[in-house]
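Below sits a lone chain in structure tokens, taken as the form predicted alone.
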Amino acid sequence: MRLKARTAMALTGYAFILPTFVFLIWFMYYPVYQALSGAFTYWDGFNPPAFIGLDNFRRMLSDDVLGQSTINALIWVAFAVLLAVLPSFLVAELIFHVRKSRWQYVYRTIFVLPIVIPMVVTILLWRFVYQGDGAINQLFALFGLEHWQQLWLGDPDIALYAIIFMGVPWINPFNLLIFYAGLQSIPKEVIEAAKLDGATGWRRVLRLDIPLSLPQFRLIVILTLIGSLQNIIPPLVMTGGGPGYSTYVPILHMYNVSTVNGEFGYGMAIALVIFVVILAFTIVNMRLVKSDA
């Protein structure tokens, strides 16, 4: 009887979690399988897919738009890593050195509050700031610096950098909390010993805080690399990839190829390559975190 009761309880539990597994497989794993298999086909979204082997991947090698978007993505990743690491770490250091814990909590809350603002709202706000009659150009005009005024999103030479550098002062709340937690984990005995050795101020930051925060640096760098490669919303909302292809990135190219041109097979091939690159970064991230555990 006890065995039957346990079996019945187990079956009841599995019955409750079965819908979760069904939705997980249908909405997450099946699209991955469909993209994997569709990358080797020509499919317009209506007619049955036609197997074409590696033609989509060969086409990628001669796709000038994809090449330009890859260069843009590499530039974006390089600046994104710097903006994700330096400002957040410096602010985390400043907060950590506030003497009263109550004020540390207040400052942390102030910098974390913007996380509740939807990203699309922030992007739309910055698009207004970058307009020809937006806040930046009006500010230049106020100080008599009309020669500094630009079409920030209309000039191919600066449009990409305008998108990259939006969000002043570039304090990512998530990164800030990671760095702050890393600084808090430094043993007090180590800090006191460093003070006795004369490691104060910037000397302490360079010789103690940064070396002991390397796991946090590695984690944030890898997560920023992955996030930058998936970053489609800013260029899509602000410029649509223009002017020309100056703000195009691979994931935006994949989106336009699939939804605008109706070349779903080629779009899936691009998505597969992006997936492989992101998977590689994820594996590196897991190994680095595991080695620091």
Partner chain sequence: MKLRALSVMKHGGLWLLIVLTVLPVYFIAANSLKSPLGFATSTIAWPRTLNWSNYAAAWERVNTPIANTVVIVLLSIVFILLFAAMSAYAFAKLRFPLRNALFLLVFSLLLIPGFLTLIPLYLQIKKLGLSDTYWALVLPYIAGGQAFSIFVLKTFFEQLSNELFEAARIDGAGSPVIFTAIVLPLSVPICTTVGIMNINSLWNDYLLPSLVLNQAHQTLTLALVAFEGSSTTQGLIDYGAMMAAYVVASVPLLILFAFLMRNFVEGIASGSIKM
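Positions refer to the first chain, counted from 1. Here the rigid core means the biggest group of C-alpha atoms that line up within 1.5 Å when the two forms are laid on top of each other. This structure is a prediction, so every number in the text was calculated from the model and none was measured.
Missing here is the form predicted together with its partner chain; even so, the following discussion is about that form.
Taking the partner from elsewhere, no residue among 79, 188 and 193 has a non-hydrogen atom within 4.5 angstroms of its partner chain in the model of the complex. The partner is absent here, but in the model of the complex a heavy atom of 232, alone among 232, 52, 225, 66, sits within 4.5 Å of its partner chain. Among 205, 84, 178, 158, the residue placing a heavy atom within 4.5 Å of its partner chain in the model of the complex is 178. Using a 4.5 angstroms limit between non-hydrogen atoms, residue 111 touches its partner chain in the model of the complex.
Contact annotation for residue 165: none of its heavy atoms lies within 4.5 Å of its partner chain in the model of the complex. Contact between residue 218 and its partner chain in the model of the complex is not found at the 4.5 Å heavy atom cutoff. Heavy atoms of residue 115 reach within 4.5 Å of its partner chain in the model of the complex, making it an interface residue.
Residues within 4.5 angstroms of its partner chain in the model of the complex, judged by any non-hydrogen atom, belong to 117 to 125 and to none of the other stretches in 117 to 125, 150 to 158, 69 to 77, 205 to 213. Contacts to its partner chain in the model of the complex (heavy atom within 4.5 Å) from stretch 221 to 257: 223, 230, 232, 233, 236, 237, 251, 254, 255. In this overlay on the rigid core, residue 279 has a C-alpha that sits less than 2 Å away from its partner position between the shown form and the other one. In the core-superposed comparison between the shown form and the other one, residue 23 has its Cα shifted by less than 2 Å.
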